[in-house]
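Just one chain is shown here, as structure tokens, and it is the form predicted on its own.
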């Protein structure tokens, strides 16, 4: 190795005032554009970028998509069910308007309440009707002519009494107290071919219109 004349020999004391020659970094040899394994570090695979939606503290994007599709499917099913329901009419379990109530000899004079709940009528057997002036039967519809409540038959007071507003009706159906503006209505009553009493609520008769004189508003006996 060649000694540098500017470098003091080993063991030679260096004066504090002597100038210090700056150290020049070694220049690597010219590689001529060539690379070596030591010069280039291997590249690591880039980490997959996370989507902001996937880092949601509540639900991931996949969960949100599943929830959205589930909601859409439920809404579609509900709309389809509503459309199908619209195609079929409602079926109301209403009592028939026309029905048989037995034979005339099964009734005694007075008000019979056996068909009030089922068919909404009272069957009255009278020795003399106020209009027909004959003995027989008539069917009173159990609907108050005031506001449509159902009166009660008070046998001790011999009258129909509405519990809603106090309207009172005589056994004939004529109103005499309370706010009811007119008598109870009668339903058509005739004999069927088999001899039973047939009541038809589809046809009604009103006293104030003179309809109680109609032969089918009263069944003579």
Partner chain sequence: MDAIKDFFNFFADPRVFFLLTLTGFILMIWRRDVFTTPRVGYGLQVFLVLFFGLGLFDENFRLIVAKPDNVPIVGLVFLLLFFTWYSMRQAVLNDRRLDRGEPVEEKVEEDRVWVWPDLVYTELICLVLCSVVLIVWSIVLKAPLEQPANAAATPNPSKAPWYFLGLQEMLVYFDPWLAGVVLPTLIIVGLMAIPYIDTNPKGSGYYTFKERKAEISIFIFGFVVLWASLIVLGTFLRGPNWNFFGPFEYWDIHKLEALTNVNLSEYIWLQGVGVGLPSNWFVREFFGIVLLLLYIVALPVILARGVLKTYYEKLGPPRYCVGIFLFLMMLSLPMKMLARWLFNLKYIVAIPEFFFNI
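Numbering follows the first chain given and starts at 1. Remember, it's a predicted structure, so these values are computed and weren't measured experimentally.
This protein has a second form, the form predicted together with its partner chain, left out of what is shown; the following refers to that one.
In summary, the region of this chain contacting its partner chain in the predicted bound form, judged by heavy atoms within 4.5 Å and restricted to 132 to 140, 68 to 76, 146 to 154, 102 to 110, corresponds to 146 to 154.
In the predicted bound form, no heavy atom of residue 190 sits within 4.5 Å of its partner chain. Within this chain, residue 195 is remote from the site of its partner chain in the predicted bound form, having no heavy atom within 4.5 Å. Although the partner is absent here, residue 184 is not a contact residue: none of its heavy atoms lies within 4.5 angstroms of its partner chain in the predicted bound form. For residue 81, no non-hydrogen atom is located within 4.5 Å of its partner chain in the predicted bound form, even though that partner is not displayed.
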